[in-house]
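The chain below stands alone and is given as structure tokens, in the form predicted alone.
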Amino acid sequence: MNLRLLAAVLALVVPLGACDGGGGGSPAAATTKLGFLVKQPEEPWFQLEWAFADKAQAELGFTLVKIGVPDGEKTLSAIDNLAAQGAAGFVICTPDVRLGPAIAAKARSHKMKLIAVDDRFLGADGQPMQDVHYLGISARAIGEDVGRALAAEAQRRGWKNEELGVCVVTYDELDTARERTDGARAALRAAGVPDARVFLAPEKAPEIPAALDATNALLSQHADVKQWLVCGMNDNSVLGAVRALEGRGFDADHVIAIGINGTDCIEELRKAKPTGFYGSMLLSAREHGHRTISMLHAWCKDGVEPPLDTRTTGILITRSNFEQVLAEQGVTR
């Protein structure tokens, strides 16, 4: 699918003066039905978002329609489907941020309100779409938190900055991913880790097998490093790196790895024998699921427009505190 061409065509058929995310609405019956579209419905993070959206539905009394949208064609079809059902708006984590103009145009054409969650839309110029309502993490700030936590634990263990190695599993195709790893690198630099000790492992996809392959390639080039810090865009990227390091004989005493999300690493933290996966920055699925759909409901039902840009933060979970923090956040697994 040529995303730019699609966006351009849709823009031509939608009045430029239409309100972003939908404008008016049909009446009462339509405002009680809302959609929540996610790109990977099988992933734990999105399951939790949906679970918290379900709680909001029970509390506020609207009807929630949950749809998985793994690609652009299914995304635009799902929006049409919601419109046919009389939905007043939808929350979406898009499968491709470049679909932003097409999604926004499709929402306008159906006079539906729209909130993007997790991944921010990019316009035709490659820049974030500032006029689309968005709730997401402060990606760079989360990355900086990871970098500071890595540096603090390395210092606690007495590791020397000039001798350790930093494996940064990168996925620069996604702005959010790049901001996270750039933030981690900046924090490590501020903590005194020389740039010469920071090594990039570009992965082809943000998943365990791809991260494992990328890290194996990196380790072959730096066999002299005996102590490793590891970061990446999410838990799976970091877990893949940990698996690669284990294959080279690196155990929990020689690896400090911190992920992001806090939902794909729970079983890892529960292992009887500690691994190099030290912890994760837990993002709030409650905020991303419950808060987004609640804001959308207030917007559709009562005309209370949410802020254009809402950001959330994370909590460091480790083997020593993760069960307690998960319980406090309402995450039970």
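Sequential numbering from 1, following the sequence displayed. Here the structure is a predicted model, which means the values were calculated and not measured.
The discussion below concerns the form predicted in complex with a small molecule, not included here.
Position in contact with the small molecule when the complex is considered in the model of the complex, options 145, 118, 96, 179, heavy atoms within 4.5 Å: Checking each option against the small molecule in the model of the complex, the one that comes within 4.5 Å is 118.
Contact label in the model of the complex: residue 137 to the small molecule, heavy atom within 4.5 Å: Yes - in the model of the complex, heavy atoms of residue 137 and the small molecule come within 4.5 Å of each other.
4.5 Å heavy atom contact, residue 54 and the small molecule in the model of the complex: No, residue 54 is distant from the partner.
Non-hydrogen atom contact residue 92 with the small molecule in the model of the complex at 4.5 angstroms: The answer is no: residue 92 has no heavy atom within 4.5 Å of the small molecule.
Proximity of residue 39 to the small molecule in the model of the complex, heavy atoms at 4.5 Å: Yes - in the model of the complex, heavy atoms of residue 39 and the small molecule come within 4.5 Å of each other.
In the model of the complex, segment of 184-192, 226-234, 106-114, 209-217 with a heavy atom within 4.5 Å of the small molecule: Result of the contact check: 226-234.
Non-hydrogen atom within 4.5 angstroms of the small molecule in the model of the complex for each of 43, 261 and 283: Answer is yes for this spot.
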